[in-house]
Ligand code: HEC
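First comes one chain, alone, set out as structure tokens in the form predicted alone.
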Amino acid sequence: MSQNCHKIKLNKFFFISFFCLLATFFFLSSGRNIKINQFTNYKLIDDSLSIRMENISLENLLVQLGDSNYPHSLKKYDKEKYNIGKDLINNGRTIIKGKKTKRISTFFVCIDCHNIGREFSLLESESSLDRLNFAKNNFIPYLPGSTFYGVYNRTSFYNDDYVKKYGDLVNKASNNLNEAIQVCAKYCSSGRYLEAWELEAIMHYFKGNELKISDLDLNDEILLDIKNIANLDSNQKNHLKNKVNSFYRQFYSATFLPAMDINIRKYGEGGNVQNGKYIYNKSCLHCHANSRVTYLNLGNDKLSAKMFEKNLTNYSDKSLYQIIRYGTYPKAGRKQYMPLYTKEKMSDDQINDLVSYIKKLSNK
């Protein structure tokens, strides 16, 4: 009987000990889990704040760093006006109450000369090589006008040599986006000035596509400074503003070049044929395929290439060397003029690439 009692006591002791060990284990595990969950929750909250912070508009950030709002600033965009602006940019008109509005131009729409998306791998770049490589990688047109991507965040328009072409017209437009749009509508597109509601709609479209902090390739150090913006003094804010501004372009340069001298032309020798093919397909044919925009019909055929090849040494609008650098002017009976390509939009090397492809196509 005593032995049985002793066994019961031992079993009870072992049971209680085991229970205590098990409880301790769960307690410690629970404690460890609480710490892990707290850390995880902290990280999730931090990431969420980071995401919200990076979606702050670039304009709002710059204002917090001491800048004024843009002259064309809109507090917010109206989705309906945004969609109307999108129509105007893509189609040259829109539909109001079931009726088509008057065309801005009977000859061009904005996307004949301008992309609406990103054109560079680095937003601070304006390198023609970077632009071409990005176009090839993303299969986008290679056009003479600057992209509308980030145009809301620019402070200068029709820069540098555009005064040679448009004279006093660019004076008001150079620092005013609304005026720049009007110059483009009336003169660049051989159209008319926009009505107030049309201009407002396009501005809402640009506002809806303004740059966010997340669009810039900012490093962790800069992002940390932005998070701590409330603790920065005026000098630190100004320094941070300059850093942020270095990650995108507030304007694009425009250098007009003369037609390349005959004595230094390579006529395609050593040119990159694949680059030339892309330029031909996504630049020349963007407007000239099936006479989509202009009177001159071009195709990816031997006849088109022969026409260009025999005129390479001429000084006429059929010479690639001439037409790319000078373009043409609109005139009675031929409003569909060709815009010129600045040095920044197409380099001399890229013209040589184009000629190399034309000669290859001509000899097929």
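Every value quoted in this text rests on a predicted model; they were computed, and no experiment measured them. Each residue number is its position in the shown sequence, starting from 1.
Heads up, the form predicted in complex with the ligand isn't pictured, but that's what we're talking about next.
J.: Is it true that R154, T294 and M346, all three, sit within 4.5 Å of the ligand in the predicted bound form, judged by heavy atoms?
T.: Affirmative, all three are within 4.5 Å.
J.: In the predicted bound form, which of 174 to 182, 232 to 240, 261 to 269, 70 to 78 comes within 4.5 Å of the ligand (heavy atoms)?
T.: Result of the contact check: 174 to 182.
J.: Taking 4.5 angstroms as the cut-off for heavy atoms, does A201 touch the ligand in the predicted bound form?
T.: Output for A201 is no: heavy atoms all beyond 4.5 Å of the ligand.
J.: Quick one: does Y337 come within 4.5 Å of the ligand in the predicted bound form, counting heavy atoms only?
T.: Yes, Y337 is a contact residue.
J.: Is V109 close enough to the ligand in the predicted bound form to count, meaning some heavy atom within 4.5 Å?
T.: So V109 counts as contacting the ligand.
J.: Given that the ligand is not shown alongside this chain, does H288 nevertheless sit within 4.5 Å of it in the predicted bound form, heavy atom to heavy atom?
T.: It does: once the ligand is placed as it appears in the predicted bound form, H288 has a heavy atom within 4.5 Å of it.
J.: Which listed residue (I324, L65, A305, L58) meets the criterion of a heavy atom within 4.5 Å of the ligand in the predicted bound form?
T.: Partner contact (heavy atom, 4.5 Å) among the options: I324.
J.: Tell me, out of F247, F148, Y82, F134, which residue has a non-hydrogen atom within 4.5 angstroms of the ligand in the predicted bound form.
T.: In short, F148.
J.: Taking the ligand as it sits in the predicted bound form, which residues of 300 to 328 have a non-hydrogen atom within 4.5 Å of it? Please list them.
T.: F308, D317, K318, L320, I323, I324, T328 sit within 4.5 Å of the partner.
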